[in-house]
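We begin with a single chain expressed as structure tokens, specifically the form predicted alone.
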């Protein structure tokens, strides 16, 4: 064993300081954010189905966007939330935002809606979009909204009674909602499908973390939901469709200070390539060492 470690390429590879690995991973993560590579994005049917459904809506239609995630999954759910909101507002489709996730869901809803709405200065709060805020109760609250949303949310996130908001005067329950999009980190996405779609017939789409995507594909394949954004990859596909259809949003996605899924996929691809490269290096070092040991 001592002879294997004496000189040669195998020894150099085996004794490579792990800090070089950390440095390369850091560079691979930072550079694509500052200088986007723009790797190609292939759009899958579940993502296109959701995009096409929103494209088919008119300015009189209403989409409900439920923020069912917290800060821990913001890197995955945040970009898809922004893309869906941006798409709806670009089409002048009315948006009703709410949060059912207890750990930071309300904060995520307010943050994303305020940031995206600022890109559309001609649209007005209360008329074109509304933030109902957070409500505890899970399935009980969801089911109650099927009868009367105002009974669950008497006022919006700003404390304004719903009766004073022009948009909410037209939206009483799910019959007035054309589509629900749940941006989910856990089981709440399942509830929208199993409860709201099944019992009220309201079309549902889900944007979920990558680890949750496999179970939601079963719902999609059985037509219990009309679209699916699976993790950062799904979000990047939606961003690609949005950019192709609405070039006016390009400055937002070119801004290096705003994280988006396409840039995130560039980072992920580069880091995966680095990891694969070091796996190859490790195997080369191992087999060179075995060869040297056999000769000795």
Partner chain sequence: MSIELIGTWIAALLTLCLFSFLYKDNPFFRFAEALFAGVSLGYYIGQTANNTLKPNLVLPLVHDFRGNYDLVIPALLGLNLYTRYIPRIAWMARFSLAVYVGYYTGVNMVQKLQGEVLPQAGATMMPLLGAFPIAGTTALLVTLAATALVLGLIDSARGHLTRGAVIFVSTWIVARVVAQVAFPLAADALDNLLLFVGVIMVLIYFFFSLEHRGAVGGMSRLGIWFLMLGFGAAFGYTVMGRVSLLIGRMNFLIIDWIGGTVRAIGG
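C-alpha atoms forming the largest set that superposes within 1.5 Å between two forms make up the rigid core. Quick caveat, the model's predicted, so the values are computed rather than measured. Residue numbers count along the first chain shown, from 1.
Beyond what is shown, the protein has a form predicted together with the partner chain; the following relates to that form.
Taking the partner from elsewhere, residue 174 is found to have every heavy atom lying beyond 4.5 Å of the partner chain in the model of the complex.
For the chain shown alone, residue 240 is not a contact residue for the partner chain in the model of the complex, no non-hydrogen atom being within 4.5 angstroms. Contact annotation: residue 227 falls outside 4.5 Å of the partner chain in the model of the complex, judged by heavy atom distances.
Although the partner is absent here, residue 120 lies well away from the partner chain in the model of the complex, with no heavy atom inside 4.5 Å.
Comment: the partner chain is not present in this chain, but in the model of the complex one of 179, 95, 152, 168 has a heavy atom within 4.5 Å of it, namely 152. Shown here without its partner, the chain carries 56, 113 and 126, none of which come within 4.5 Å of the partner chain in the model of the complex through any heavy atom. In sequence order, 264, 267, 268, 271, 272, 275 are the residues of 263-282 having a heavy atom within 4.5 Å of the partner chain in the model of the complex; the partner itself is omitted from this view. Once the rigid core is used as the reference frame, the Cα position of residue 29 differs between the shown form and the other one by 2 Å or more.
Core-aligned CA deviation for residue 271 between the shown form and the other one: 2 Å or greater. Here's the thing about residue 212 and residue 279: their CA atoms end up at least 3 Å closer in the model of the complex than they are in this form. Compared with the form shown, the residue 212-residue 275 C-alpha separation decreases in the model of the complex, the change being 3 Å or greater.
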